[in-house]
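A single chain comes next, written as structure tokens; it is the form predicted on its own.
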């Protein structure tokens, strides 16, 4: 942490609250802070990662790692400006990321030869009037690693509060340090160590990318919206599936949604950042409900930041309709899946055996629940457009 100089078409929120709900309670104390900015040195080459792409640009769920870090900082409303320092050869790539994922309050500067020179360039952009940048002069600047995507708002608030109470050094950044002991000894400051959260770790090695992806998948899989025609009675098999989902996935919030104006509309559910949908099609070969849902999701731009999973569920009685005939009637799901995948929507098909035997029906519903949970948790693009059978 270093001191500063004196003096449309996206989701309603930038994705699920990856930093946890506690940040919402910090709005009141944070509002009394002076102007705060953040600088992200992102000029590293990722040598320890062992891949040709710098680690800050390595994809997680097909989205660059640095975008997740920017998202975490964007959520903090009292951080006025965020400056990213990248090498000259990556400036255009960084600007493309900002545009594609619709990040706000982000400015890009060229990195220096060292981390400290990159930080200096970021501070200089905040201190001086730049012809292409509209930045406010902050009192406190947070220096944050571009490859720490899970920073929480309460940690940032503690850092800023400590900076105001203890002060920081304006020691020459050419030979600066972020080591607490060296800062205390040579920089004439009362620097303070602020304890971070367990998730505040740095993506350094290739295995860390997989760990980060696992955390993100886990967090965006905690809410499932089940969509069905509200005209169906409570004994309908779609409602039975909803009850089994609630029973088997008791750690996941199952919320009902409708494609009509009655009840809790899908628009509101989408605004609340639900990234998982189970669409129950009640007619034997009907796909209208899923089509309506896909159209709504495409219009919402919900999938800009995270892949959205849609499981289109169909029921059949194999005594009345041969399985081969049923699957043949639904194979067009592949074409729908190809189209919506371009918008980062992952569409899967699921056939559940509808037996009059209650025990067999419950077993089919449980198997269907297992498949749904796996599809949502894994978000496997290789299975997109496949028709699975429970």
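Values in this document were obtained by computation on a predicted structure and should not be read as measured data. Numbering follows the first chain given and starts at 1.
Just so you know, the form predicted together with a further copy of the same chain exists too; it's not on screen, but the next bit is about it.
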{"property": "Candidate spot 242, 297 and 342, all three touching a further copy of the same chain in the predicted complex (heavy atom, 4.5 Å)", "result": "no"}
{"property": "Heavy atom within 4.5 Å of a further copy of the same chain in the predicted complex - residue from 206, 158, 95, 137", "result": "206"}
{"property": "Exercise: residue 267 in contact with a further copy of the same chain in the predicted complex, heavy atom 4.5 Å", "result": "no"}
{"property": "Contact of residue 360 with a further copy of the same chain in the predicted complex (heavy atom, 4.5 Å)", "result": "no"}
{"property": "Residue contact check: residue 331 to a further copy of the same chain in the predicted complex, 4.5 Å heavy atom", "result": "yes"}
{"property": "Contact of residue 356 with a further copy of the same chain in the predicted complex (heavy atom, 4.5 Å)", "result": "no"}
{"property": "Heavy atom contact within 4.5 Å of a further copy of the same chain in the predicted complex, the stretch among 306-314, 81-89, 193-201, 103-111", "result": "193-201"}
{"property": "Sequence-ordered list of residues in 202-217 near a further copy of the same chain in the predicted complex, where near means a heavy atom within 4.5 Å", "result": "205, 206, 207, 210, 211, 213, 214, 215, 217"}
